[in-house]
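Quick setup: one chain, the form predicted alone, written in C-alpha cells, and binding and motion questions come after.
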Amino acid sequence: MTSLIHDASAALTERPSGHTSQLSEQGKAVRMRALTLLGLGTLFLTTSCKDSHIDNLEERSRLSDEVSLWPLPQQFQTSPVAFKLSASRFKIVHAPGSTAGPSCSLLQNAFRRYFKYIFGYVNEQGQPRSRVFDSELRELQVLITSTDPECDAYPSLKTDESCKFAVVFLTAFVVVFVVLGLETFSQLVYEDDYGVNNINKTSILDYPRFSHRGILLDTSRHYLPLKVILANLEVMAMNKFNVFHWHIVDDSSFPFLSRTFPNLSQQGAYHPYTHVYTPVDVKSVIEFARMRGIRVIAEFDTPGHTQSWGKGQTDLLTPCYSGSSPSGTFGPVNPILNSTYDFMTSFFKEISSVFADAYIHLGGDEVDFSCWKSNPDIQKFMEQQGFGQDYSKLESYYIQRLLDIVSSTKKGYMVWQEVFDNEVKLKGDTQIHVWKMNPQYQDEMARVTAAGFHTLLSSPWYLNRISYGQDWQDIYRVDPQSFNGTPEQKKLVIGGEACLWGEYVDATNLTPRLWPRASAVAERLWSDENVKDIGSAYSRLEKHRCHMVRRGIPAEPLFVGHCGHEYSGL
C-alpha cells in the first residue's frame, strides 16, 4: 500500500501566489500541510495505474462530466477499470497506525453518513457504460498522521485541509479534511446497468483555492427552524462550503436567547418560546457544523440594524426627536452613553464564550444618521468631540470602542465594508466583507487589499436577488480576484460568501432558492481559476443537482429535464 501511495503522490511545492501547484519528484516524503493562511489542502484518490495526471482543463472537464464531480478537482485521472462495492462487505475503517481511532466521533459520524449516501442514495452517472470488473473494493482505510488529529477541535481559517486518498487508503493530517475526501469518494460511486455499485480506478489531486467558502443565512427577518439550518449545513458539506455565517439577529427580531440578557429575546423575538434559539440549539448547530468541517461565525450587527435589541434593553438605542420633543421612535445604538459600552462588554463576553470560532462578525453597515442628527444630546456630544457635522466620525467613535471591547475577548472580527470606508482604526487581522455593488466592488476589493487587509466578497452573490432564467451562470462567472491589483493584493482575498437575506425567504422556500445556485459559488471558491466553461459546468451541475435531490434535498432545477430519482416530497 505504501508503494501505491508513493506512486501516485508527491510533496507539494509553493508557487508565487501562495497556492499549491505542482508535484515534486517521486519518492520524496509527503507532508501535506497548509502552505499559507488560506489553509490549502490536497486530496488524492488513486490506484496503482500508471497513467499520467490530467492537467488539460478541457480534457479534465470532459472526464468530470462523466462522473459529475462538483466542485471540479484541481487534477485527476480516471480509467475504464472498475471496482465493485457491496453494502454487505464494504467498510470504512481506521488504518493501523492512525492517530485517530474509533473514539474519534467526527470520523465515526462521517463514516456512517457517507456509507448511507453511497449505498442508500448511490449516484447514477449518466449514460450506461460497460465495464470489466477487475476486483471488488471491500475496505477504505483512513489514516490520520498528526500527533494531534484534532478530533475535538473546531475548524478555523488556518485548518490544515491537506489529504491524500487512495482507492483503499485515505491519509489526512487532521480529521476535518476526511469529510471532504469522503464527499468526493461518494460522488465517484455509480450504478451500472445491473444495479451494481462501482467506482472507477481514479486519481485525484485536489485542494481548495480559497480558505473561506461561506453561506450567510438570515434568521431575523424570518425565523428558521433548527432542522432547516441543520439541513442546509448538510448541503453545504456536500458542496464543500466551510463557513456558516449566521446573521442571527437584526431589526426585525432577536431570536438569540442570551443567558446574560434574557430580555433581549423575551421582548425582541417574534415569540419568546417558539421563535428563539436556546443555548442548546446554538450548541447543536455548532457541533453539527463541526462534524462537517464547517465553521460557525455569528454576526451581531451594530450600531444599526438594532431595533429589536431596544425592546429588551432600556436606553440602548438613541431617542429620536421631532423638533424639540422626543418623537417616540428610536434610532441606532446610542454611542454617547457609558452604559452602552458596559452592556456591549458583558454581551460580547457571553458571545465569545458561546461561539467557538476565532472570529465574530460585527456588521457596521447601513447606519442611518437622521436620528442622531435630531437628538440634542448627540449634537452636544458631537460639538464636544470636535466632530462638526460629520456623523461618520461618531459612527467611527462607536465602532472603535466596540472593536476594543471585542479584542479584549481575544476574538478577531469581521466587518462590512463601511467600517473600512469610514477609516476606522482596525487591527491588522481584520477581515473586510465587501457587499456593495456601487461603487464597483472590484474597486473596493482593490482599495481594501491595497491597505493590507484580508477581504472576502459577497457583492455579486446575493442569492435573495432572483430573476427568470439561469442566473447561476452570472454567479458562476464572478471571480473574487478579478480586480486591478498586485499579486500580493490578490493573496489577501480569503474567499467569499453567498448570502440569502430573509425578507422573502423562510423555511418554505429557503432550500430550493439557495440550491443549486449556491453550488455555482462553491465551485468558484474551490476550483482552479481557469475553470470557466459554462457548458461543462451546466452538465456537471445538472447531475450534481440530481445527486442532491436523491439525497432528499429539494434543490430547484436548472432548466428543462429530469432526474432519475425525483424528489419524493416531505
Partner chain sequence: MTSLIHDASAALTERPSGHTSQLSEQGKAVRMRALTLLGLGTLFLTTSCKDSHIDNLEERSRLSDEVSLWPLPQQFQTSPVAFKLSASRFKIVHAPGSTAGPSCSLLQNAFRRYFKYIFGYVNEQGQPRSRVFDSELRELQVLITSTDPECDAYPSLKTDESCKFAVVFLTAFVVVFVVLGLETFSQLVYEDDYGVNNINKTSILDYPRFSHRGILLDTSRHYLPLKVILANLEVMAMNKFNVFHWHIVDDSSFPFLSRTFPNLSQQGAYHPYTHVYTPVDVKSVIEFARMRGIRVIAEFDTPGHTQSWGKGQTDLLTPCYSGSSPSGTFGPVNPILNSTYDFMTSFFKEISSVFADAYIHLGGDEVDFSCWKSNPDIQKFMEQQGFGQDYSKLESYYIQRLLDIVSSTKKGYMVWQEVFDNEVKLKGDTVVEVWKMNMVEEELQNVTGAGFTTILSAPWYLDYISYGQDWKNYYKVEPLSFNGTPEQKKLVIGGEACLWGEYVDATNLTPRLWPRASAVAERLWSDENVKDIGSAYSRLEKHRCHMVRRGIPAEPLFVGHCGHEYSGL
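Residue numbers count along the first chain shown, from 1. Computed from a predicted structure; not experimentally measured.
Same protein, other form: the form predicted in complex with its partner chain, not shown, and the subject of what follows.
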Since exactly one of 401, 275, 283, 490 fits, which has a heavy atom within 4.5 Å of its partner chain in the predicted bound form?
275
None of 116, 373, 465, 427 but one has a heavy atom within 4.5 Å of its partner chain in the predicted bound form; the exception is 465
Closest heavy atom of residue 505 to its partner chain in the predicted bound form, within 4.5 Å or not?
yes
Would you classify residue 99 as touching its partner chain in the predicted bound form, given a 4.5 Å non-hydrogen atom cut-off?
no
Contact test in the predicted bound form: residue 470 vs its partner chain, heavy atoms, 4.5 Å:
yes
Under a 4.5 Å heavy atom criterion, is residue 84 part of the interface with its partner chain in the predicted bound form?
no
Okay, which stretch from 375-383, 226-234, 318-326, 256-264 lines its partner chain in the predicted bound form, with non-hydrogen atoms inside 4.5 Å?
226-234
